[in-house]
Ligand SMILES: Cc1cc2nc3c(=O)[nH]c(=O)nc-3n(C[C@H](O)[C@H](O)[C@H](O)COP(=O)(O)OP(=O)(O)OC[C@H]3O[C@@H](n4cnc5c(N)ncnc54)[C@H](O)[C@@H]3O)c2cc1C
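The data below hold one chain only, encoded as structure tokens and taken in the form predicted alone.
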Amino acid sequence: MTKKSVRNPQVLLVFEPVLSDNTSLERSFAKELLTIGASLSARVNLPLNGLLLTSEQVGEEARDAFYSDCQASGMQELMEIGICENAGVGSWVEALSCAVRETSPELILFASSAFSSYAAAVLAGELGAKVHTETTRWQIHDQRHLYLERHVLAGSVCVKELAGTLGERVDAKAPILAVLSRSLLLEEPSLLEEKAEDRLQIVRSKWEKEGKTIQLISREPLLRQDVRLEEASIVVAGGRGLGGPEGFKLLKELAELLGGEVAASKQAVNLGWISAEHQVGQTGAKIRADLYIACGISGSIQHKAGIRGAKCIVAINTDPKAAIFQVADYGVVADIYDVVPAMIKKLKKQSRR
């Protein structure tokens, strides 16, 4: 007789793999994920645990800060799996999959990222589970029924569904997998406080097998911005209307004078005018800025879905019928190469006073 697997009543947080970049833990929404995990586990009265894939290249200072955050969240156990940096994503996901099968958690939470989307999909296939992607809100009914929400059709429709019931040891029950959207992670500020009475247990192991799926061929370091677009208070974005990559030099100058960040539409990124980390839209960053200036952006449904959180939208476009004007608070029908230089000149003049 085959022994049935039993779900372990716990909430498991899966963090972005950290290799040699000591700032990765700060930029991977770790604190935000811990905050939501602590809140959710408290609501359903389940222990909170974590899983981190990391390499020996990560400094002790970064590790200690992360451990402190984990303890502040009330986490009971952190599984830290050492991985070979050159093994590739396939090996990382195999290590993650093995750990999940051994612990059999009821609920597994990821922060939105390329790795999380891939890993969650692989886990779902192996465990016979469903993945709730880009979760924008969660609710607990009767202290055990978990409802998750997500937006579809470019944000025009909100879907709310019962993800499952927590706290029940049910034989052969598939775990709940949820990838939390960046907008949700940023909605709940980190309110972690040190809990001296709680002791975090760190369980370390190593994974030296090579992945059978995706292998790492090469790695090119990504030069990240100092401020994430989702957190910027002012964003100046450019689209295909710029006419070429040189237009972003002008926007960068304007953004620096305003104390903001430069962003771009999907079309501008696809044309190779600027790197993908600047992309705004349904498949890019979700803007929550106080001021969003759209320069030469037509305003596709996907782009409008990414800027719906902005408090004030200013659109500059030569086409008076551009869709961006439908969501703009202020619209300027003009050539950006007339308007933006005038704005820069005015700001420079004010700064000299």
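All values derive from a computational prediction rather than experimental measurement. The first residue of the sequence shown is number 1, and the count goes up from there.
Heads up, the form predicted in complex with the ligand isn't pictured, but that's what we're talking about next.
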Seminar exercise, completed: Contact with the ligand in the predicted bound form, heavy atom within 4.5 Å, among 316, 34, 287, 52 goes to 316
For this session: Heavy atom within 4.5 Å of the ligand in the predicted bound form: which of 164, 105, 281, 247 fits that? Just give me the one.
Result: 281
Problem set entry | Contact flag, residue 14 vs the ligand in the predicted bound form, heavy atom cut 4.5 Å | no
Exercise. Do residue 267 and the ligand share at least one heavy atom pair within 4.5 Å in the predicted bound form?
Worked result: yes
For this session: Please run the contact check for residue 40 against the ligand in the predicted bound form: heavy atoms, 4.5 angstroms, yes or no?
Result: no
For this session: Mark residue 342 yes when one of its heavy atoms lies within 4.5 Å of a heavy atom of the ligand in the predicted bound form, and no otherwise.
Result: no
For this session: Select, from the options 239-247, 69-77, 118-126, 136-144, the stretch whose residues sit within 4.5 angstroms of the ligand in the predicted bound form by heavy atom distance.
Result: 239-247
For this session: Taking only heavy atoms into account, state which residues of 298-331 are within 4.5 Å of the ligand in the predicted bound form, ordered by sequence.
Result: 298, 299, 300, 302, 303, 316, 317, 318, 319, 322
